[in-house]
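Take a look at this single chain, the form predicted on its own, given in structure tokens.
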Amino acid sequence: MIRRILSLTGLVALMLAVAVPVLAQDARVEAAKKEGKVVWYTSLVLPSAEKVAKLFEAAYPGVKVEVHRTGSERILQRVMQELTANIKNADVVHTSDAGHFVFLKDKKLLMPYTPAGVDKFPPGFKDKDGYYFGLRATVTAIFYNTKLMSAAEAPKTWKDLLDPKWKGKLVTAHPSYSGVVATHVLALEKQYGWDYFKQLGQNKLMIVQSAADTPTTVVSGERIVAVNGGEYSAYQLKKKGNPIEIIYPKEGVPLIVSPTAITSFAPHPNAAKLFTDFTFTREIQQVMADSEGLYTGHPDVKYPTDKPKLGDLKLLSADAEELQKRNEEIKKRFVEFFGA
């Protein structure tokens, strides 16, 4: 009889242990449905952002994702301008400039929230205080048009781009728009100093906005080589059969970890938490790796065989605090050397 009672007690305890998380999850889903939507400010390229949004809406019918996609710098500007006008619109903010999150955290504009599963992510993907986490990562690389140039002719290193023979043939994105490029500039400045960019500017580069614009400019033939840009954008174009090849310089490639966070003023906080948890699941992190060509911090994600693993590359990192402190300097020096 005593054994039966103990056995039943154990069974009840097990059922309660399983039921409590389920009930908590159900309660949050219902709360999110009452809110009806989550507003997502993101620098993820629009097709990728819309894909994630549709997957979330399919998983949680009744909760819509309102996607606002633009460059990293524009996102921060918009958030601050809206708050100045007492407009509280953004629930989840995601950019490719880790410095933004240092700034927003210091201003007490982020909600501390740790998504399920991120405890296994590498340190570079986690804020020690639990305010923001790396949703994705990419590297910057050199891209060239395979119809207009052979592999033998293509530049192999960052310093190869300084050769005067490339004058009028190169394209760069702008750090005043792109967090990817702001991080790229800081990483290479730490490697070579500002003199590198002063020399590069003498080659009269075409200037575009986004890190996603440089590979499309190369594909179109407007310029035959891109000196930077998000590698994942070039990877997607290459997979679709476009004439573009990616070069990963052996001296190192800048690693750009792109954080995400929930705002402290989120108008739809339950939907924001549900959406944030969803984006960090292995399934969605795997989607980013498979179809988008992105890297992630999730230890269980597998990468396509036709692109290098992060462990195969020499990575040049840029500290988030330093990026935030030197943001204006980066923009100013870029304009000084490139003229726009």
Partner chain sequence: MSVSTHRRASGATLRGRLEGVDRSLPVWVATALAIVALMALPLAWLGYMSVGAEQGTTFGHYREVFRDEALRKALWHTLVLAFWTGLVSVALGAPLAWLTARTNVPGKKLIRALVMASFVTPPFLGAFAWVMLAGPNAGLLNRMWRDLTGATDPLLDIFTMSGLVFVVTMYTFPYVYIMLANTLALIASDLEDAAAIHGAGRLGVALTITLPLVAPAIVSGFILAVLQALALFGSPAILALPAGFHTITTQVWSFFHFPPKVEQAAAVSIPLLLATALLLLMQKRLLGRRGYATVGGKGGQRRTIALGIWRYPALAAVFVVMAGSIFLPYAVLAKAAFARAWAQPLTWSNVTLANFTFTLFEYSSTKAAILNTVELGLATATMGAGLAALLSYVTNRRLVVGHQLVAFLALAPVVIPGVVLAVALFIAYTRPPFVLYGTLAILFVAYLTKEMPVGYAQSDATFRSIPPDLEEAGRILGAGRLRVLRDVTAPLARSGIIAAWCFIFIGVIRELSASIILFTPNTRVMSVVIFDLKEEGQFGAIAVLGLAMLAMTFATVSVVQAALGRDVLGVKE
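Predicted model only: the values in this text are computed from it and were never measured. Numbering follows the first chain given and starts at 1.
Below: the form predicted in complex with its partner chain, not depicted.
**Student:** Would you mind picking out the stretch of 210-218, 112-120, 184-192, 255-263 that comes within 4.5 angstroms of its partner chain in the predicted bound form, counting non-hydrogen atoms?
**Tutor:** It is 210-218 that comes within 4.5 Å of the partner.
**Student:** In the predicted bound form, does A151 come within 4.5 Å of its partner chain, counting heavy atoms only?
**Tutor:** A151: no contact with its partner chain in the predicted bound form.
**Student:** Please determine whether T84 contacts its partner chain in the predicted bound form, using a 4.5 Å cut-off between heavy atoms.
**Tutor:** T84: contacts its partner chain in the predicted bound form.
**Student:** Report yes if any heavy atom of R78 sits within 4.5 Å of a heavy atom of its partner chain in the predicted bound form; otherwise report no.
**Tutor:** Yes.
**Student:** S176 near its partner chain in the predicted bound form, any heavy atom under 4.5 Å?
**Tutor:** Yes, S176 lies within 4.5 Å of its partner chain in the predicted bound form.
**Student:** Identify which of V93, A98, L205, V225 has a heavy atom within 4.5 Å of its partner chain in the predicted bound form; exactly one of them does.
**Tutor:** By the 4.5 Å criterion, the partner-contacting residue is L205.
**Student:** Find the only residue in R282, K307, H68, K33 having a heavy atom within 4.5 Å of its partner chain in the predicted bound form.
**Tutor:** Of the candidates R282, K307, H68, K33, H68 is the one lying within 4.5 Å of its partner chain in the predicted bound form.
**Student:** Using a 4.5 Å heavy atom cutoff, which residues in 27-52 contact its partner chain in the predicted bound form? It's fine if the answer is none.
**Tutor:** Contacts from 27-52: Y41, V45, L46, P47, E50.
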